[in-house]
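Shown below, as structure tokens, is a lone chain in the form predicted on its own; questions about how it binds or moves come after it.
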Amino acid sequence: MSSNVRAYNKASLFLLLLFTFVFSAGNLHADYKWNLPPGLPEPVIPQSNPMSVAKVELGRHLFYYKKLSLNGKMACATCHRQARAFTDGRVTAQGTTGEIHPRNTPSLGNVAYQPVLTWAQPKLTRLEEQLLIPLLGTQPVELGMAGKKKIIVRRLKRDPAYHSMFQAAFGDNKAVSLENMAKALASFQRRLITANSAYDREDLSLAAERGAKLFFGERLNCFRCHPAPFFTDSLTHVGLGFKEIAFHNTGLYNLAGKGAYPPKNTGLHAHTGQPEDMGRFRTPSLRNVAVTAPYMHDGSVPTLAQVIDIYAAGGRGPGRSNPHKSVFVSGFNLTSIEKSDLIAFLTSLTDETFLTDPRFSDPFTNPLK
């Protein structure tokens, strides 16, 4: 990066900080305006971490801040790229030290509505807690900052811009802390709302309309695990009586003919030890699914067409006979035209504004005006 570009970014960041501080000072707990898309309920927000404009903007900067990694090579955004609906396009994720992870990177779109986080951890329910896994975890190493909490805080305190942003967001001279960093990052991620696709605008092509009838029809039963408007059966929001949480075995594996999954990817079973939980994973949302390939918890399915083939067959290879497989993965017949229509409908769930919204972009290369 040239010195001119660095100077421009510093100047832009300073102006943003000044505006944010003036706007937020004395008004840290003002009601946050969601401006949600039509039809979406308000997310549930922890009382200990209310939303604010300053906090979301701080979280955005932290999300793209590579100094939160051991060697300064990765940020949260490295594995969660906006153009891919905050996934990374890899089969499975790779940490800052080069360690390959066992699971595919999930999208962060509408993560505010997810009652459980990651693919299969039933007790991980708060974004403020989830952050600590990629930041401090060792199995696998992601950002690689285990044992370096003080170094993280020191790096942030040494940067005058971040020091000011923390004060604007939390109103405290001791605001720079790991806890507040987690709160800001969680606030930014909760702001990643996506619901402005062709489907939402009721602007479907004829092929997508035919695909929608298949998707929501009894023959394919896609909607059983991917109901609208979130297209997942795990969700929570204001006004919902209870959290809806579901994990499913989709018949991808059946090792030794006994229902087993690969050792590093046994799903819910790894946390409960219950035999019936083998191979069960949280249902991912299908919003923006056309840009989040490859698919499944282990990224083992390259294309949407191949995903459909697996469900049409009632599982993959021996996985079709997995004793723990979901009753909804029973197979169906589909013509080539119907398959094309179904893909057209899934593609209609792409929210182009979400993939390009400057409010979610890298503030160091695209400062807000």
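Quick caveat, the model's predicted, so the values are computed rather than measured. Don't overthink the numbering: it's just position in the shown sequence, from 1.
This next part talks about the form predicted together with heme C (HEC), which is not shown.
Peer 1: Looking at 155-163, 119-127, 202-210, 234-242, which lies within 4.5 angstroms of heme C (HEC) in the model of the complex, counting heavy atoms?
Peer 2: That would be stretch 119-127.
Peer 1: Is it the case that N254, even though its partner is missing from this view, gets within 4.5 Å of heme C (HEC) in the model of the complex, heavy atoms only?
Peer 2: Taking the distances in the model of the complex, the answer for N254 is no, it never comes within 4.5 Å of heme C (HEC).
Peer 1: Is there a non-hydrogen atom of R81 within 4.5 angstroms of a non-hydrogen atom of heme C (HEC) in the model of the complex?
Peer 2: So R81 does not count as contacting heme C (HEC).
Peer 1: Does any heavy atom of F230 come within 4.5 Å of a heavy atom of heme C (HEC) in the model of the complex?
Peer 2: No, no contact at 4.5 Å.
Peer 1: Heavy atoms within 4.5 Å of heme C (HEC) in the model of the complex: does V329 have any?
Peer 2: Close contact exists here: in the model of the complex, V329 approaches heme C (HEC) to within 4.5 Å, heavy atoms only.
Peer 1: Going by heavy atom distances of 4.5 angstroms or less, which of A260, A198, M74, M145 would be at the interface with heme C (HEC) in the model of the complex?
Peer 2: For this set of options, the contacting one is M74.
Peer 1: Let me know which residues along 214-232 have a heavy atom within 4.5 Å of heme C (HEC) in the model of the complex, or say none if there are none.
Peer 2: The stretch touches the partner through F215, L220, N221, C222, C225, H226.
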